[in-house]
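Next up is one chain by itself, shown in structure tokens, the form predicted alone.
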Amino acid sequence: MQTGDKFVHTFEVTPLIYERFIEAYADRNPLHVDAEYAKARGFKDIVMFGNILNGFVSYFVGECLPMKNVYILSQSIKFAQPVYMHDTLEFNAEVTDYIEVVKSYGFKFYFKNQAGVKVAKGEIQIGLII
């Protein structure tokens, strides 16, 4: 990999992903599980958990990069718009830097939904396992 390399992957927010998130973390915040609650606060339906997108970032690092000897050093994400059940999210990442001394790559990324709206953006720093 080198600075400027770009990666694109598509994810769908499925009922299985949503249900497994609740099962694993027992987060039942009404914004995420009660449609009437969410609608009364201006959303079109229940809002998906933001950390589902963090899971997609983890998948990208572990499964989409051309090397498997990597681990996440840090990641940050900012949520700009809600994500809903069955949204199709296009994940776009670009290598922004490589630091030879510590064998780490930096990435900037964003997610956009099927309407082309950016719903989240962030940065990842990964290290190489030597």
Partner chain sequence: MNYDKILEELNVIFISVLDNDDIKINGNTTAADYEEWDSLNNILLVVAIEKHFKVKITSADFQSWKNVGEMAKTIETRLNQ
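Numbering follows the first chain given and starts at 1. These numbers were taken from a predicted model, which means no experiment stands behind them.
Unshown form predicted in complex with the partner chain; subsequent notes refer to it.
With the partner omitted here, the residue from Ala40, Met67, Ile99, Ala80 that has a non-hydrogen atom within 4.5 angstroms of the partner chain in the predicted complex is Ile99. Scanning Ser58, Asn92, Asn51, Ser104 against the partner chain in the predicted complex with a 4.5 Å heavy atom cut-off leaves one residue, Ser104. Only one of 84 to 92, 27 to 35, 43 to 51, 67 to 75 places residue heavy atoms within 4.5 angstroms of the partner chain in the predicted complex, namely 67 to 75.
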